[in-house]
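Let's start with one chain on its own, the form predicted on its own, as structure tokens.
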């Protein structure tokens, strides 16, 4: 039997970009192949759950888990891979903070099913049939995972050793994490403290951005297609929402480099409990509305008019962090398990 360390990667509620991002380490993928045996990687090879169930506990040296916990299958696999893995990494924003899947926490399971299976104009479903977790047919019982009411991040379900944020993580960070783990496994080098967020800095994305910044007095916000921004000037100064003020650096400010505001995928700054609230506070401090001596009611109206130009505030400020936010989910009717 090979004595090489065992590597696993699993895909839960996510878009699949994290799986593909592993290939972005280019020629280093050959080094990974030479160092690791792949123990479980269903995206690229025909692995079955029973293979993992038959492994001894701790058999997998490092598991890269991407995706949020959306249903009972994801939850089962999270517990299983935690049991079978020495090191479990929350890989990417969905595993780290819930990301896009967790935006469904703004509504309910019932409302989601109604939108997808009831009011979906691309379906012909007059009887309003929705998926069932179990149904008996002539050949036996067919089952589906239970769809949960609330999306959770990986660490809200199982214990996590390390976090690698990003949507998806950037190649330098991916390779750095693998190098650190390999050094610890093969050479006895010290691993980062448990719970570390790796591949990041302790400063904001703004510190990595070369755009010229000035005192801000924003009179309205724009969506990216509405203006052609000056490539040298801070995007927020130009009225484009940029989460760089409230987002931990490490990505190299890649989005602002191509005239797109930071979306916040590297998570909150150290010590910040709620990334969205931090950004809302920053936005509130730079709104340029009203005149000295203006009545409070009129001033409030003018500030409100500026804020109203931000399309989808919840989706903008909590795009990546809803599951880890103070809000976590909206209080709505139709609560189900999870």
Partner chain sequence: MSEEKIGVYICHCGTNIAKVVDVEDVAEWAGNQPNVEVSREYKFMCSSLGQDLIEEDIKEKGLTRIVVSSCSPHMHEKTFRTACERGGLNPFMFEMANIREHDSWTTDDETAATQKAKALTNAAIERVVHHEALEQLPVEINPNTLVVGGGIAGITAALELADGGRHVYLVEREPSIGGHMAQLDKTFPTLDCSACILTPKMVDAGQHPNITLLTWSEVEKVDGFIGNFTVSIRKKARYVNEEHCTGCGICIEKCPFNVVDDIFEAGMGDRKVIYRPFPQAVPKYPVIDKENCVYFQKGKCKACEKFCPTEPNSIEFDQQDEILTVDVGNIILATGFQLFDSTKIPQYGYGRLPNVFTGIEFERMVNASGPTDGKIVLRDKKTAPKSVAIIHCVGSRDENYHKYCSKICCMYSLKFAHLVHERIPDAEVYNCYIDMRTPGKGYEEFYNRLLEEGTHFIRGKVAEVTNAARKPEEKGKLIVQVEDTLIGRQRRVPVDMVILSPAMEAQPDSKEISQLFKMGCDFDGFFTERHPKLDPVATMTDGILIAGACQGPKDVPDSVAQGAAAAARVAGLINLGTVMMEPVRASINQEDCSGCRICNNMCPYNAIVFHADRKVSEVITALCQGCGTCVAACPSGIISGAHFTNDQLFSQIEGILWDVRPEKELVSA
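If you're wondering where the values come from, they're calculated on a predicted model, not measured in any experiment. Residue numbers count along the first chain shown, from 1.
Separately, the form predicted together with the partner chain exists; it is not shown, and the next lines address it.
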>> the partner chain is absent from this chain, but in the predicted complex, do 167, 187 and 190 each have a non-hydrogen atom within 4.5 Å of it?
In response: no
> Which listed residue (282, 32, 43, 307) meets the criterion of a heavy atom within 4.5 Å of the partner chain in the predicted complex?
Replying inline: 282
> Which of 160, 197, 236, 253 has a heavy atom within 4.5 Å of the partner chain in the predicted complex?
Replying inline: 236
>> How about residue 23 - does it come within 4.5 Å of the partner chain in the predicted complex, if we only consider non-hydrogen atoms?
In response: no
> Does the partner chain come within 4.5 Å of any heavy atom of residue 265 in the predicted complex?
Replying inline: no
>> My question is simply whether residue 296 lines the interface with the partner chain in the predicted complex - judged by any non-hydrogen atom within 4.5 Å.
In response: yes
> So, in the predicted complex, is residue 38 in contact with the partner chain at a 4.5 angstroms heavy atom limit?
Replying inline: no
>> Given a 4.5 Å cut-off on heavy atoms, tell me which of 211 to 219, 111 to 119, 91 to 99, 136 to 144 is the interface stretch with the partner chain in the predicted complex.
In response: 211 to 219
> Taking heavy atoms and a 4.5 Å limit, what residues of 239 to 265 are near the partner chain in the predicted complex?
Replying inline: 245, 246
